[in-house]
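Given next, in structure tokens, is a single chain: the form predicted alone.
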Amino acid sequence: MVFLEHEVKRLLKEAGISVPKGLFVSKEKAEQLSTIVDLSYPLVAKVSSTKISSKSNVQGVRIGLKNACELKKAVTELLQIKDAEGVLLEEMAPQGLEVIVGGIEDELFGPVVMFGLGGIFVELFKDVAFALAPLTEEEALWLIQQVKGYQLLEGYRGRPSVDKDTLLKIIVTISTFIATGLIKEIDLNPIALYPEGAMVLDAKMLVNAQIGNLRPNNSNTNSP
């Protein structure tokens, strides 16, 4: 069973991982948009559906929304996308160094965690590394040192170093999740890393039927 993005982010937040402040607006509550949105502009709006695997492929993301008029137009357009169940609204996060962290229950190796640099590093260079889960922080440090672009994390050509301690905690947490055997696949992509802290900007999760039965009934969320 696939969890909606705001449901995954609620789980991450409860685990101590930072996510943007956001609000899920279901189709049924879209007409109440002006009264239920309590977020600071600019906003990003993303179509939400368990049947849509790539929001970009269906043009399901609007960024830089500066006022209520732009927001209403974006939500109306996104809800017209086939299989849309609602829209996730989030405050836009500052730009940071983008990385990806994922986990999968591999048929051959069992629970595996993956780390890689985002953007062209993963798209063109496949600069990623894998390890068996769960990981300690020391093992997570070894994992991030395996990618070719590791120097970017330490700071490069005037760029500041990122908060590696926070990154290691995220990797350890995701490795723990996947090692439970309850989650088949989880993908945090991208995560924005800052000199202090980090923010998960997008998240997907596929769980087995057991935990799927525990899916929250209340679909609204507001994640500070």
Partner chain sequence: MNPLESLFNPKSISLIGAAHTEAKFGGIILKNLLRFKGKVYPVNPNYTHLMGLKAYPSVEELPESVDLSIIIRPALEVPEILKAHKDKAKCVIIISSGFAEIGEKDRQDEILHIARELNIRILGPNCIGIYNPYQRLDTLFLSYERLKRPKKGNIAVVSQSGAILSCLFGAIRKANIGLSRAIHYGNAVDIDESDIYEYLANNDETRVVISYIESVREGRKFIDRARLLSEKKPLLILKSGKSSRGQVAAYSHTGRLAGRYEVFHSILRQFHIKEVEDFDELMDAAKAISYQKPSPGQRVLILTNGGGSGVLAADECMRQKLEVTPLPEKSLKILKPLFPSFCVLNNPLDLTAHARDEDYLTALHELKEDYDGFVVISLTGVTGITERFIDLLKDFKISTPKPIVSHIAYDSISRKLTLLLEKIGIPVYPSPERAVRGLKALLNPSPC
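Predicted, not measured: the structure shown is a model, and the values here were computed from it. Residue numbers count along the first chain shown, from 1.
Keep in mind that the form predicted in complex with its partner chain is not shown, yet the notes after this line are about it.
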- Task: State yes or no: in the predicted complex, is some non-hydrogen atom of Q32 no more than 4.5 angstroms from a non-hydrogen atom of its partner chain?
- Result: no
- Using the partner position in the predicted complex, report whether D106 sits within 4.5 Å of its partner chain, counting heavy atoms only. yes
- Any of the heavy atoms of I144 lying within 4.5 Å of its partner chain in the predicted complex? no
- Non-hydrogen atom contact A129 with its partner chain in the predicted complex at 4.5 angstroms: yes
- Pick from L78, L88, L71, L135: which has a non-hydrogen atom within 4.5 Å of its partner chain in the predicted complex? L135
- Task: Report the stretch among 63-71, 184-192, 163-171, 24-32 that approaches its partner chain in the predicted complex to within 4.5 Å, counting heavy atoms only.
- Result: 184-192
- Residues in 38-64 close to its partner chain in the predicted complex, defined by a heavy atom within 4.5 Å, in order: S53
